[in-house]
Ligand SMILES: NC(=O)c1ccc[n+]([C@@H]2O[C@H](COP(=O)([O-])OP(=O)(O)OC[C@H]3O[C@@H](n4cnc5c(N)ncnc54)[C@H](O)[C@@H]3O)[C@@H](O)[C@H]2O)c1
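As C-alpha cells, one chain now follows by itself in the form predicted alone.
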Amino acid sequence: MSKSGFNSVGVIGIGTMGNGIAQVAAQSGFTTKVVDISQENVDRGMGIIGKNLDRMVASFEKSGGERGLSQADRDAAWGRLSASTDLASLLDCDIIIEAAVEREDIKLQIFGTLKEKGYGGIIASNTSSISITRLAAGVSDPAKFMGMHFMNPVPIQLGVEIIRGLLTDDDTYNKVVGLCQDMGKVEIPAEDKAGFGINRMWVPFVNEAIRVVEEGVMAPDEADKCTLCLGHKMGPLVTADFVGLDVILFICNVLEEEFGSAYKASPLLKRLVEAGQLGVKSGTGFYVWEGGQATGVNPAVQRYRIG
C-alpha cells in the first residue's frame, strides 16, 4: 500500500534527472506522466529510459533474478509511463516534481504556468541549491511546495534530500516522505539554507579537487583515484562531469554569495563552462565522453599536469 497515498506522479523535464525520476516512479507502481519543452527532448529522454530498463532486464537474466528487473516488470513500468510536451497533461497528477534546468527564472516561469492552469496539488522541486522558500512564492499554495533533491543517477542512488520551505505544511512534508519510501529511497531532511546539506559539503570538495588539477598537483584521473581510499565509487571530477560543470559552478556561486570567498569557484571550472565544456552532456569536461563512457582526460585539462 502506498505510504504517500499518491496514485500518479508528474515530472517536468526529461533530462538527466527527470528521466531517472520518471523511471523510478513508474517502476514503483505510479502512473507517471513526464513533459518537456520539445518533442526531440521527449523522444531522447524516453529512449534513455527504455535503454535503462532493458539493461535492468539483461542484468536480471544474467544474475538469475538476483538483480535488475524481470521482463514482465519492465513492461509494466513502461506501460505506466507517458510523455508529451503539454504541461496541462500533468494537472490531474497527485504530485508534480519539477526537474527543469537549475535556473530560478525558468523554474518560476513553470510554476507560474501551473498556477495559471489551476493546478492545486503538491509541487516538489528537484533544485540542488535554490531557496525553497523563494521558489514557493511562485506557486499557488506555498504550503503544498517543498524541495525533493534526488541524487544522480536517480535509479541507483538511494538518498533524496527533502527540504521544507518556510510555509510548507506537515501534510505535504509527510506525503513527500511517504513518496520517498514508496520509491525505495531514503529521505534526508535538510534546512532551507544555501546548498542545503549535501551540496554544502560536496561542492567545496569538488572545487578543491579542481584546484588540485589547476595547480598542477595531479591530473584529473589521478585526483579521482585518491578518493578510492575514502570508499567513494566515483571520484569528484568524473562525478562533476556527470552532474554538469555548469551546475557545479552555479552552486559554487550560490555558496559564495551566502558564505563568502572560501567557496569561490576555481578559475579552471569557470573557463571550462565558458568554453561550453560541461561534462557528459556536452561530450567534454574533465574527461572526453562517448556513449556515456569516459575515453580519456580532456587534452585542454591534461596540460595542467606536472611534467
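One rule holds for the numbers: they count along the sequence shown, beginning at 1. All of these numbers come straight from a predicted model, not from anything done at the bench.
Although not depicted, the form predicted in complex with the ligand is the subject of the following passage.
- The stretch that touches the ligand in the model of the complex, counting heavy atoms within 4.5 Å, is 98-106, out of 183-191, 216-224, 98-106, 71-79.
- The closest heavy atom approach of Ala275 to the ligand in the model of the complex falls outside 4.5 Å.
- Though the partner is left out of this view, Cys252 does not reach within 4.5 Å of the ligand in the model of the complex, counting heavy atoms only.
- In the model of the complex, the ligand sits within 4.5 Å of a heavy atom of Val35.
- Although the partner is absent here, Asn152 sits close enough that one of its heavy atoms falls within 4.5 Å of the ligand in the model of the complex.
- Though the ligand is absent from this view, in the model of the complex it lies within 4.5 Å of a heavy atom of just one residue from Val238, Met46, Leu53, Val247, which is Val247.
- Exactly one listed residue, out of Ser266, Thr31, Ser28, Asn41, brings a non-hydrogen atom to within 4.5 Å of the ligand in the model of the complex: Asn41.
- In the model of the complex, Ile12, Gly13, Ile14, Gly15, Thr16, Met17, Gly18, Val35, Asp36, Ile37 are the residues of 3-37 with at least one heavy atom within 4.5 Å of the ligand, listed from first to last.
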